[in-house]
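Before any questions on how it binds or moves, here is one chain, the form predicted on its own, in structure tokens.
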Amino acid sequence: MKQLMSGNEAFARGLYEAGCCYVSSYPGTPSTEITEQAARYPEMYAEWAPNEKVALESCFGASLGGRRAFCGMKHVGLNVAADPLFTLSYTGISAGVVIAVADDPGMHSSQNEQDSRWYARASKLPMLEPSDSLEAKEFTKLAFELSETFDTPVLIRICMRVAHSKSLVETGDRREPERRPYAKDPSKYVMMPGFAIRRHPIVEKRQADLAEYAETSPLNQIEDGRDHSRGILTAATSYQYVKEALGDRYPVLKLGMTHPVPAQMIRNFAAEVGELVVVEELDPILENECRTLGLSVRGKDLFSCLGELSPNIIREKLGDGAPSCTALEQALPGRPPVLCPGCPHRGLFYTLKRNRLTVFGDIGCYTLGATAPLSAMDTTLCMGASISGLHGYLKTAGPEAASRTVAVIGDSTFLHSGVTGLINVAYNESPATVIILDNSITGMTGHQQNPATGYNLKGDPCTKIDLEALCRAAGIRRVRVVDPYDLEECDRAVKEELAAAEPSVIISRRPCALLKYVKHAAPLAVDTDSCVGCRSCMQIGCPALSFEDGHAVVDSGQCVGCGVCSQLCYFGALS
């Protein structure tokens, strides 16, 4: 049966058809929906792990337990999982292990544009790259076969366009292999130096075997063209751009397996065309591979290493020029992302700005606290870095810094990688003030559960981590909870904890305003007779508030009645 599926949906279908039994991931756009869709199949156990490292290590254990396992993450998540990844390359697996990494060219929802293909080369693991939904399903099934044939985890790299675009997929039946019995083998799985040094030659032999496989693999295909004066080497989404822009004008070597590359196949293809051009997004990885093979090649002299490609860019560089277009007569107004109406983080960020504090920020929807008019965040580096960064800052910036600097971090991010930073603060005695923004959900990737919500991936009740008890167990004696809708309470808590001579944690607790179970108050209204047009209420940047004809206006369709703006009005005009 054929169905229209996104790449992520098709990926999950591939897991199901391949007989995968264990799925463990951490949500990260654009990979999140793979695991969410996998959870819909009762034959597969699926979970959210606290972070990507834990997820991948759990998959290793599931593999030793004899069942095929999958781990999904975005590109920066692979940084977190890199420790087990590199050693898994040495140990190999028992039942198949497939790892999806979703890159984000254009940084639609990320803090950098790193190219995960480097990880395949550095860890010496095979990497597949599907170009549409059907390939996402089929490559996933093949990846498990390769994993077990070559005794290796297999990386599958997708990007935002493949993950979220839809195309036709023909579904098949599930075929679940028999459980592989566990066999005790310390020389394979205990990576102490004496054993690990014997595994390295096995990794290199596997690399050679995979390179030989790549030469005849159906993953790599040549499509002939009318004009052999130029040949194009490409993969993944870039292949789709090439075909849309140029059709069958030039021969195309499409790589579905981008590491190891089929060296002789590339040489043979280059010999049949006049000019070899590599079309790839981000870094010149395939281009460099060609140069290593001694080939003359063009690539990044034509295409930027920044952002995404497109059919128009391909046409401009390799076709007959980009199609003409008509510019708009009037520029469209900018629409920067903002915190939602009623967002519980807004009141807390207003408090931080009002007190003119230096704020070490973190990764989450609350990162939008850095934007105007709140402008209440000074740094954002990576998951968990706010607390660690604050600790280092306080050790070097002088004693007065402790009274005017805080760290903010979300509940999910705190459990992902912030708790170790808090342990460091307690252990090395920084007078740090850490604010945990607990909105009862993982908001940044679309409302996924986390260990502090009390529900698992399938929505079933489960163990709920007590953040207050966890902070105290980490060595923090001063722990308090505030309601971020109460500006006076927030201001008092921040000032008191900044004045303390020891580490402290403030938990700003109120559920995300978009959660379906949250009951909202009636929207506020403006008494135009009382409103003097001072614009004090506009300081919080709420999308439900605007200013027209000299006074504030409330959009009743957006307002959730949180009352934060009314606390800023000196004249009682908002009620």
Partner chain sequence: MEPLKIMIVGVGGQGTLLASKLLGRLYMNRGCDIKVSEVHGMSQRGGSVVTHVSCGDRVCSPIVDRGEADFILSFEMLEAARWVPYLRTGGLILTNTRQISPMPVITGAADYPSGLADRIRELGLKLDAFDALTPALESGSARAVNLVLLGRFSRYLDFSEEEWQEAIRACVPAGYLEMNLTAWQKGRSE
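Positions refer to the first chain, counted from 1. Bear in mind that the values here come from a model prediction, so they are computed numbers and not experimental data.
Just so it is clear, the following notes concern the form predicted in complex with its partner chain, a form of the same protein that is not shown.
For a residue to qualify, one of its non-hydrogen atoms must sit within 4.5 Å of its partner chain in the model of the complex; none of E148, E204 and N456 qualifies.
With its partner chain left out of view, the stretch that reaches within 4.5 Å of it through heavy atoms in the model of the complex is, among 471-479, 310-318, 178-186, 423-431, 310-318.
Contact annotation: P50 falls outside 4.5 Å of its partner chain in the model of the complex, judged by heavy atom distances. Though the partner is left out of this view, Y350 does not reach within 4.5 Å of its partner chain in the model of the complex, counting heavy atoms only. For the chain shown alone, T140 is not a contact residue for its partner chain in the model of the complex, no non-hydrogen atom being within 4.5 angstroms. Within this chain, E289 is remote from the site of its partner chain in the model of the complex, having no heavy atom within 4.5 Å. Out of the listed residues P193, P337, P399, P218, P337 is the one that sits within 4.5 Å of its partner chain in the model of the complex by at least one heavy atom.
Just one of S165, N268, N355, S403 comes within 4.5 Å of its partner chain in the model of the complex, counting any heavy atom, and that one is S165. Annotation for 233-248: interface residues with its partner chain in the model of the complex are T237, Y239, Q240, Y241, K243, E244 [heavy atom within 4.5 Å].
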